[in-house]
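Shown below, as structure tokens, is a lone chain in the form predicted on its own; questions about how it binds or moves come after it.
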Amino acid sequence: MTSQPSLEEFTQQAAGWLAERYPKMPRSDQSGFAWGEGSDEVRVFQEPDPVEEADALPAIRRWRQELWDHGYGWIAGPVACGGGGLPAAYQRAFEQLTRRYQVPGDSALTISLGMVAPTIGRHGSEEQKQYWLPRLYSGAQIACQLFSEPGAGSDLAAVAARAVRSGESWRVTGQKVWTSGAHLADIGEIICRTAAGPRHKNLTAFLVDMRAPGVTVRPLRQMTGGAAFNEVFLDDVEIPDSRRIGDEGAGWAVAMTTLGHERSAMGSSSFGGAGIFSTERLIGLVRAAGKDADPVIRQDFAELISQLRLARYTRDVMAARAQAGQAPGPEAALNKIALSDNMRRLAGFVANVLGPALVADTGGWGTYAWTSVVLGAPGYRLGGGTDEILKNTIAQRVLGLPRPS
């Protein structure tokens, strides 16, 4: 049994490994603003076209496989399932390192790695963990989440998609909507109604093959110009019982685990992602716009950064609890609400800094490219449960306040 490396040793080894394979991020951009050492450089923050996403997928899969092969694919995961068995601090240190290099990143795998994989880790059988977790963390399989329906958004218990048992398999029919990444996914975690009642005890979770006969995925175009969401139709789709997650009728508990992880994942920045909350990036934006001496802009910037730091500290507390084996609780809703609030603040701040330059594509650095962020900000109030529903959750399940009469 080899001894655990110190965090410093691990970081040095990881930095060397990355440096051998990937070029460093450029130290300056078109505006001439020099980035500070170790800053979180922004890759791209305009939503990609679905075709472009599909074209980028092979590189992302190769990136994940290379990480897995060299022990960086699941640094804090249990050794029994292929993980590195190291503390969460090692994982965070590696994520910070990747931001210094031009790596493909994991932004397309947030649902796979941040939501579905942890759910399987908590509710799946040992066989399912041994089979699915290495595939998800290595990028061999990509997962999506099939929860919301046209008539069941915030009220998830009202899902109408039905799964009927047929021997050692289930036949599923229904429609799901607002499914992020369904056009890229190999499998989907789906919640179905498997009995007439009672409410919350009549749902079951499964892993469905997204390329099985009867599965149809259609993109939903957003006002940002992107199509990250989809509607999914399931017409008598067969799912083996071996792909059932948890007991029959226990789907509500599985769904709550996934939603808890979703709210935490939405409230954090995945490594290799856009980095739109980077302090250095925002400072560069203000300077490039010639607003660094504007007292109103400076005050708005200070308030935005303060809120971002508060959200980060909250995430750190919840990450420590997760590392200790605790399931996400209702307080995870705080992460998601903080994200939607901060996206709103960011959009307003950027609009105030740029003014008309936000809507005119002149090709200048840090101008029109922010349009996608500004237009996408309102949608964060809906994803992972609407802010209104989550505030009710916090009021009732965290603060112990009574339900409205």
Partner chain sequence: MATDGLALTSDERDLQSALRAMLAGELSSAGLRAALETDAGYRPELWSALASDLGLAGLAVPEEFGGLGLGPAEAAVVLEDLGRVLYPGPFLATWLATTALLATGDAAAHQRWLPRIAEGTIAGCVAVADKAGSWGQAADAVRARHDERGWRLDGARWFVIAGHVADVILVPAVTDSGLSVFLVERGADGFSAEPVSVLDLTRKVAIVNLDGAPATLLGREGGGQAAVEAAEHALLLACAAEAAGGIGWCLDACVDYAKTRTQFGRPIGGFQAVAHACVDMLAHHQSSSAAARYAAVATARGAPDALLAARVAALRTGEAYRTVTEAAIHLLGGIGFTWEHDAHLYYRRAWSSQQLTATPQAHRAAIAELVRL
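Just so we're on the same page, rigid core means the largest C-alpha set that superposes within 1.5 Å between forms. Numbering follows the first chain given and starts at 1. All values reported here derive from a predicted model rather than from experimental measurement.
Below, we refer to the form predicted in complex with the partner chain, which is not included among the displayed structures.
- Here the chain stands by itself, but in the model of the complex one stretch of 235 to 243, 135 to 143, 296 to 304, 212 to 220, 296 to 304, has heavy atoms within 4.5 Å of the partner chain.
- Taking non-hydrogen atoms only, Ile283 approaches the partner chain to within 4.5 angstroms in the model of the complex.
- Contact check for Asp316: a non-hydrogen atom falls within 4.5 Å of the partner chain in the model of the complex.
- Within this chain, Ala395 lines the site of the partner chain in the model of the complex, having a heavy atom no more than 4.5 Å away.
- Shown alone here, Thr110 lies farther than 4.5 Å from the partner chain in the model of the complex, counting heavy atoms only.
- For the options Ser154, Ser125, Thr173, Thr279, the residue carrying a heavy atom within 4.5 angstroms of the partner chain in the model of the complex is Thr279.
- Think of it this way: in the model of the complex, the partner chain has a heavy atom of just one of Asp292, Glu95, Asp186, Glu248 within 4.5 Å, and the residue is Asp292.
- Contact here is defined as any heavy atom lying within 4.5 Å of the partner chain in the model of the complex, and by that definition not a single one of Cys81, Arg99 and Gly197 is a contact residue.
- In the model of the complex, not one residue of 69 to 104 has a heavy atom within 4.5 Å of the partner chain.
- Core-superposed comparison between the shown form and the other one: the Cα of Gly284 travels 2 Å or more.
- Core-superposed comparison between the shown form and the other one: the C-alpha position of Gln96 differs by less than 2 Å.
- Core-aligned CA deviation for Ala140 between the shown form and the other one: less than 2 Å.
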